[in-house]
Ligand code: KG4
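The form predicted alone is given below as one chain in structure tokens.
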């Protein structure tokens, strides 16, 4: 089963042709154009500029894939939501045009849910143990999901009874306390069930990385820059808060961490009456990164323990952060976590067509 996938939700234009066969999701070709260079001068993604750049670039990517190759696909997948409205429209328009021209079926894909399936890129689905708790970490979203399935591994088809009872009670309370419909929290595709157990209350981790980077004089996007600075850390202690760790809920809030970093930077500048030196910048970057890493890990661990689940996954743009992945890898065995899944390549952590085609194929699978 082959598909053409189209991703234009934010500031990355991506197309891919991929194939599913014998349980394996194989990328045949993936093209990606990043708009970072164009948005860096503004320090943020400019929606109108993003949509215009998608429009200018997407046809070039179609030409590089060759129309003859696109004709051989079985169907077309595209990102339908969430994202920047006019950017999404570019991908949807291309998908509809190719669908009419080539007489191919269309499969719309939910962007955030399918970040989770980026762990299947270049992977055999039989190697994934269900259920698992997935943490999606990006510039706009921090969500926690429980992902279940009930065909491939009957012995692992659901959480144990204690975990199921706990989850059912938790979801009921979440719906009542926050006036949410069940459709807001539970998504079913094929034999997979995604249950959202929490989401971002304010600033997401990736957004805070970008903002603190700018405070320190760094670029947009700021995640890689802060990671590089943190590696040069020399012993200087800055006390940044780890937010919401004592509460029973699994929500995320990084706005106070962002504010704390800003207060500390302004305080130091008032004391020295000049810009921060390199050593101070590296130390703040290190302590800030550690605060984010520890908060994400403890929230992920807390949710796994609460629902009696021993498998976890980390996906989304911030999942490319090596410090975060190393921290989780080094700590998971102490807490009896059996498996830790992340995308196999940094490319698959970004907004890319690879995860869209995996989602599209799974949406079209009837059985194995």
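Numbering follows the first chain given and starts at 1. The shown structure was predicted, so the numbers you read here are calculated from the model rather than taken from an experiment.
Below, we refer to the form predicted together with the ligand, which is not included among the displayed structures.
Of the candidate stretches 300-308, 315-323, 48-56, 66-74, only 315-323 has residues with heavy atoms within 4.5 Å of the ligand in the model of the complex. Although the partner is absent here, residue 14 sits far enough away that none of its heavy atoms falls within 4.5 Å of the ligand in the model of the complex. Looking at residue 227, you'd find a heavy atom of it within 4.5 angstroms of the ligand in the model of the complex.
Although the partner is absent here, residue 141 is a contact residue: one of its heavy atoms lies within 4.5 angstroms of the ligand in the model of the complex.
Interface membership of residue 222, defined by any non-hydrogen atom within 4.5 Å of the ligand in the model of the complex, is confirmed. Looking at 61-82, no residue comes within 4.5 Å of the ligand in the model of the complex, counting any heavy atom.
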